Every structure is written in C-alpha cells, then in structure tokens.
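Presented as structure tokens, the chain that follows is alone, the form predicted alone.
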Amino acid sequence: MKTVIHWFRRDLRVSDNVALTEAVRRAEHVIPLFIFEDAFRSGPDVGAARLAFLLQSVESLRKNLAELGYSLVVRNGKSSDLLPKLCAEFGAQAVFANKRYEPYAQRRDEQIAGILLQAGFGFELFKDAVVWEEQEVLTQAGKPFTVFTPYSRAWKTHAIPAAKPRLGRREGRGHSFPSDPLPASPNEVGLPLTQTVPPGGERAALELLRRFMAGPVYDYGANRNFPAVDGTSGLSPHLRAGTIGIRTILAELNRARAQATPAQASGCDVFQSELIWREFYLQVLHNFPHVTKGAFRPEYDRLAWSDNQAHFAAWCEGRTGYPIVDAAMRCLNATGTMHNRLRMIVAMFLTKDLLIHWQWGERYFMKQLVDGDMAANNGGWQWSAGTGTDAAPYFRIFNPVSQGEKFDPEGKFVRQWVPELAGFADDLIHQPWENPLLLARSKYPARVVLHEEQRGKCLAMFKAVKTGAA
C-alpha cells in the first residue's frame, strides 16, 4: 500500500504500538490521525479528569511525532463520518488501528469497517492493548474462564511477545494536511475540571515505569495495600489511555525479576498478577457482555437494593461518618485517583453497608476516575458487590473500621483527606464516635448507618435471592 492512515485511539504512543508498526512496515507513507470524537464531549461515561489526561496525552503524542518527522492530523467529529472522507482527502488505501474491547466500541468498529469497505478502503485492526485476547486463554473445554485464579495460571503458560520497536524517524518531507484545534481543557467543552490530574503522555508513563522498576516493584506485595505509602506504579491511567504498551511493562518487569532476590521476586509476581486481572476483566466483558447492563450472575439482578439518595450523596461527597471511606472519596473527588484497596473498601461500603446498587457507584467512578475503564471498573464493582466472578461472593463484607486500622494504622491517609479528625489519636482515628465530645467539636459527621446492623441486612438481602424469596 502506498498510503495508510494510522488512527490513534487508546494507543497514544510512538513505541510498542502494533498497528503503527504494521503501518510503517507495509506502507510507503503513514499519516497519523486523531479524531476528537463527539462522544468525548457528551458520552454517558465522560469525565473531566479523564478528558484532561487524554488532552495532555494527545499533545505529548503530537510533540513526539514531530520529533520523528511526522505531523499529527487532528479532526473533530464522528469517526464513522470522517474516516471515508479522510481516506479520499489523504489518498489513503486503508485505515489501521488497534483493537478496542468494549462492546460499544466493537459495534462501532464493525460499522466503520462496512462503511470503509463500501467506499473502497480497507480497515485493519490489531491486537495491542492486551497480551492475550478474549478467546486466546480458554479452559480445557474451550470455554472462557469465569474465575480469576485458573485464568491466571493458564495465562502464565503462554510466552509473552516482545515489545514492538519505537517508531523511526521519517525520511523526506511529510504531509501538510490541515488539523482542527483541540480544546485546551475540558472546561472548553462544558465539563468543569475541578480535579488535579497526574501528567499524561508517553514520556510521563515511561518515567513512572523506570522509577517503579528501579525499586518499588520489589516491595509491591508488601506495600500495595497501604494508601499512605507510595507503593504502586501509578501506571493505570497510562494503560487506559495507551500512553504505554503492556509488552513494554512486562519486558521491564522481567528484567527487574531477573535481578531480584527470591523475596523481591514475589513483589514482581504480585504486580504481574494485577496486570493479569486487567486482561481477565477484559475477556469477561467481551465473552459476557450482559455485565454492562446487569449482574454477572443474573439471579442477583433481583436484589432489593436501596434507593436512598441522601445516603448516596453522603458516600459521593465523603461524609458517611466512616473515616477511611470519606478520605477515599474526598481523594477521588480532588484528584481523579483512588488506591485499589480503597476502591474495594468504598465499593463494599456502598453496596453492603448502604445497600445501594453497585451500578450507581460504577457510574460515579467512571465520571470521576482518570483511569476509568469499562472492563476493570465493572469487574471491580461486581467483585465488591458480590454479583460478579468472585468464587467467594456475597458473604465477604469488609468492616470499614478494621480495614482502616489494618491498612492505615497511623491514620496518615485519613488525616490528609479528613482534616477534621487531625486531633484524634491513632486508636480513635477510624472510630471517632468513641469520643463523642471530641467528635462534636470536630464537626465531622455522624455515621449514616451502623455497620454491625447493616451487615445482617445485607446477608438477608442476598439470602432472599438465593432461597427464591425475593
């Protein structure tokens, strides 16, 4: 082929990019394209923090491409309308892109393939965002896995492919096709940005990876559950936006493991397990698409959830009266990020203490999270709610006090985000109601529910469905 459009989507990088590598290998001329979709402004899961991170990452991509002699073309609109017109405008024979795995994205890609084919242009998709796709790791019976542990064992039996090389410098003159402007911030498209988001872009991602693999990965197994400790990689927003390749991460992880002591290697293994969770939930999303609309276990769609709007607002705003829950939610609202242990705590509190439908929380997270991803978000919420793939589902109920005491024992994280409690001693920081006088002076809210009462109600709610009484 003489000319190919590489359509950047969730692969905003110039290294370890499968579709981009194939475009350069098979075409004389490659035109990099980014479409600022209408859905970025008004989609059901649009969030200002995630859009801000995306805009940063596209600007970083533009600079990286320019250094290699390529000009990124940006157009605003709907991809299904724009792509056939752009093929004609650019004189391109085909569009190359990396695959997406959300049901709505796959439906759109099928539509685009048909439109381009009818117009006489090709459309090729490549596996890039994952190591193993939805039908590549199956049970011995040839069925998709529904439990993580056996999936993880099977995943590890496959050889991991090498990272793709960085895009080389273009020889000769490039194109001069016009670009549309991108908004400078989400505020310009009517999405007020109230959060301070982490830096986006490929260089930021590679620096995070370098720092993490230089030491913290070895203590990941011990530190990953403590939100006051800087013990995680911070790479999840970059994996979501595609500013770093999964093969790049795994290659660096293998290098770190090769230099590790046996004790340090366990940290590497735990980190790899978290990466496998990501692919597990992606294959669940593809193979069981009903999870986007209801419970993985359909019988749990009959659960009698509460619709208490006041309780939900208290949860969203971080004023439930449970310090670890409130600190986590205030952190999310201010930064667009939340530690994974805290995600489980707040999700379980919403569903098993407040007895509110997990989909309410799922939607709120997608609006707030910088790394909001349909598969991981849905999978995590259903795991916590007890409606998902977990082998030990509904009867796992976190106690928010003991979770706080275990994973924030000195109350450092709580004090950072709930300054009203700064004067409480460590043994009271997670249960300030034990000192009613000090609690009243602090103006910290009273508990909206009592965990010890709600636990029984939750078990009864699930039991009613299990016994057919609901």
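Because the structure is predicted, anything quoted here is derived from the model rather than measured. We number the residues from 1 along the sequence you see.
Beyond the structure shown, there is the form predicted together with a small molecule, which is absent from this document and is the topic of what follows.
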query: Residue among 102, 371, 252, 390 with a heavy atom within 4.5 Å of the small molecule in the predicted bound form; finding: 371
query: The small molecule: the contacting residue among 74, 213, 197, 275 in the predicted bound form [heavy atom, 4.5 Å]; finding: 275
query: Option from 77-85, 185-193, 228-236, 297-305 whose residues, in the predicted bound form, bring a heavy atom within 4.5 Å of the small molecule; finding: 228-236
query: Distance check, residue 384 to the small molecule in the predicted bound form, heavy atom within 4.5 Å; finding: yes
query: The small molecule contact at residue 242 in the predicted bound form, heavy atom, 4.5 Å; finding: no
query: Non-hydrogen atom contact residue 220 with the small molecule in the predicted bound form at 4.5 angstroms; finding: yes
query: Contact flag, residue 340 vs the small molecule in the predicted bound form, heavy atom cut 4.5 Å; finding: yes
query: Within 4.5 Å of the small molecule in the predicted bound form, all of 271, 376 and 380 (non-hydrogen atom); finding: yes
